[in-house]
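Below, in C-alpha cells: the form predicted alone, a single chain.
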C-alpha cells in the first residue's frame, strides 16, 4: 500500500496527477505508445496541438522523467521523442482513459448540451 494519500493537500501524488492528467499529456503519452516519434510526426499525429503547446508538454514530460529526447544525426538535425521505462508504465492507465473517452464522448456531449 502506498504511503501517499491524494486527499491530503501536501501529498506529492497530487503533483503527479496534475502532471499526467491534463489533456495534452495524456494524448502525447498515448501518441508515443507505439514507439519513438520525430517531433513533426508527433505534431501531425496529435491533431489540434500548437507547436508551442507540444514543446511545453514534451519539456514537462521530459523534466519529469517520462519522456526522453534524442537529437538525431541527420541533415538537417532532427529530434526524436520516446517514452522512458517510467513513461511506459503510464500506457495502460492512459490507454484505458483514452478508450473510455472515445466510447463515451457522444453521451458526455449530449448530457452537456441538454
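As the structure is a prediction and not an experimental result, all values here were calculated from the model. Positions refer to the first chain, counted from 1.
What comes next is about the form predicted in complex with a further copy of the same chain, which does not appear here.
- Relative to a further copy of the same chain in the model of the complex, residues 89, 101 and 105 are all within 4.5 Å by at least one heavy atom.
- Within 4.5 Å of some heavy atom of a further copy of the same chain in the model of the complex lies at least one heavy atom of residue 63.
- Put simply, residue 35 is far from a further copy of the same chain in the model of the complex: not one heavy atom of it is within 4.5 Å.
- Under a 4.5 angstroms non-hydrogen atom cutoff, a further copy of the same chain in the model of the complex lacks residue 69 among its neighbouring residues.
- In the model of the complex, a further copy of the same chain lies within 4.5 Å of some heavy atom of residue 26.
- With contact defined as any non-hydrogen atom lying within 4.5 angstroms of a further copy of the same chain in the model of the complex, the contacting residues in 13 to 36 are 13, 14, 16, 17, 18, 19, 20, 21, 22, 23, 24, 26, 27, 30, 31, given in sequence order.
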